[in-house]
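Have a look below at one chain only, the form predicted on its own, in structure tokens format.
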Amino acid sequence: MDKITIQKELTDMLGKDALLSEELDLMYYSYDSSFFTKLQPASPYAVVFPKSTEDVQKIMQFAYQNDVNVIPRGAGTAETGGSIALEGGIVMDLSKWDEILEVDAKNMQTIIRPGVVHAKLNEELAKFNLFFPPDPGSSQMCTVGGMVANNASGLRAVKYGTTEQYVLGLEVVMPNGDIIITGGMKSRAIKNVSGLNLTKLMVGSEGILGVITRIRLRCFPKPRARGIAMAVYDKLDDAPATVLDVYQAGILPSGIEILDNSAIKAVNEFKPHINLPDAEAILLFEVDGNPAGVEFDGNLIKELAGKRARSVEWSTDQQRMTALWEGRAVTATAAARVRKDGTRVFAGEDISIPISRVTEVLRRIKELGAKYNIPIVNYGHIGDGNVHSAPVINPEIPEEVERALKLIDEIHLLAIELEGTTTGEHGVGAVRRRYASLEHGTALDYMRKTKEAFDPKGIMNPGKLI
């Protein structure tokens, strides 16, 4: 079926207000935040904005009958090319479908549509003294549907884990238009081990198995207190060693962040008033919970970190905590300003490796940057071994782009070499699927069989994940 016919059929089905078909509009949907889509943008045939599960069902039935690809999309903040129409088709923009259907405070859960923005959800939950713990760092922009599709995590995964641990059930429209509810048709239970766990299968499936239209999430009580510790290190090796010291002392912070000297320099050049200490590394520990417990853990972290660090500061004062955290908060933006003629590229910068090998991977990445003559800013969630490496290049220089792609490839291969993974939280998308066989071996064959069972025509987000 040609593009014009597809557009006409969708307009008749949904109305012209629920469809984009002009070339300029479609061009905007040929990108996400990834470097990949800057190099290889791909426009869809049409963009649709469903307003109900029934709308999604009608779209899927039409697509299935006519062998048209469908690509679910949230806010487009992803960095892997996961929500663009690589092989043509219909982009289904779910970002406007942002209803919070219910907050079931008594049962500590909420039911929402996929377009709800993370920060908006937590604002609503706060009225009930609850919160949704995963913090992806793009809270003001990213949709919870996108978080579920990519099993997002972020700053507080050390203590609270990833999105999958909070998804109790889903409503999903399958490629042929069938509607299923995972986690129990009528269930409001927090625990459920009945049947195959289709909920977990859908979380992190990146839109290749079906379209998520409703999400039932577990919520936690909001912590009553919070504190931040900042430790400054003259030796890079001492930072990961301190993290292990803290764990072995029986303390589980809500977050542990690292900035190496490349990130410290970038932050100070971007925001001189922050004035981070000149050091090999800085660790930031966040602790939350009850006031007495927070104070106890914070002071013990200060004591433990002080055995290796040049200096340690601990605070529960809101204004001071904001100041201590500011350097980490601006690191991603600061990385883009390292070169006046360049910019940061998002091209697979969220590898995850064992905590014991963080020092090794940071040093190896620096060596790779020198090898390809590309500045790299390193930071990340050291508490679970998740390292962010931000290459900074001039994307208008083809030779520099070529060197950057080789650098990025080596970083991914390094992650696998050091017993890690090519992505700790941002997903596979189109960027990392080339490494799937190296990571998963024979298991990849069973992933493909699962995909074929759910989507025999291969219309759901082709060219992604596997």
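All residue numbers refer to positions in the sequence shown, first residue = 1. Just so it is clear, the structure is predicted and the values come from calculations on it, not from any experiment.
Quick note: we don't show the form predicted together with a small molecule, though the next part is all about it.
Participant: Using a 4.5 angstroms cut-off on non-hydrogen atoms, would F346 count as touching the small molecule in the predicted bound form?
Facilitator: Yes, contact at 4.5 Å.
Participant: Residue-level contact is defined here as any heavy atom of the residue lying within 4.5 Å of the small molecule in the predicted bound form; does R216 satisfy this criterion?
Facilitator: Although the small molecule is absent here, R216 would stay clear of it in the predicted bound form, with no heavy atoms inside 4.5 Å.
Participant: Residue-level contact is defined here as any heavy atom of the residue lying within 4.5 Å of the small molecule in the predicted bound form; does L252 satisfy this criterion?
Facilitator: No.
Participant: For N378, is any heavy atom within 4.5 Å of the small molecule in the predicted bound form, or not?
Facilitator: No.
Participant: For a quick test of understanding: in the predicted bound form, does each of G227, Q318 and G385 have a heavy atom within 4.5 Å of the small molecule?
Facilitator: No residue of the spot touches the small molecule in the predicted bound form.
Participant: Heavy atoms within 4.5 Å of the small molecule in the predicted bound form: which stretch among 176-184, 132-140, 281-289, 357-365?
Facilitator: Stretch 132-140 is the one.
Participant: Find the only residue in S389, T242, S153, T110 having a heavy atom within 4.5 Å of the small molecule in the predicted bound form.
Facilitator: Only one option qualifies, and that one is S153.
Participant: Tell me, which of T199, T77, S352, N261 has a heavy atom within 4.5 angstroms of the small molecule in the predicted bound form?
Facilitator: Filtering the options by heavy-atom distance leaves T77.
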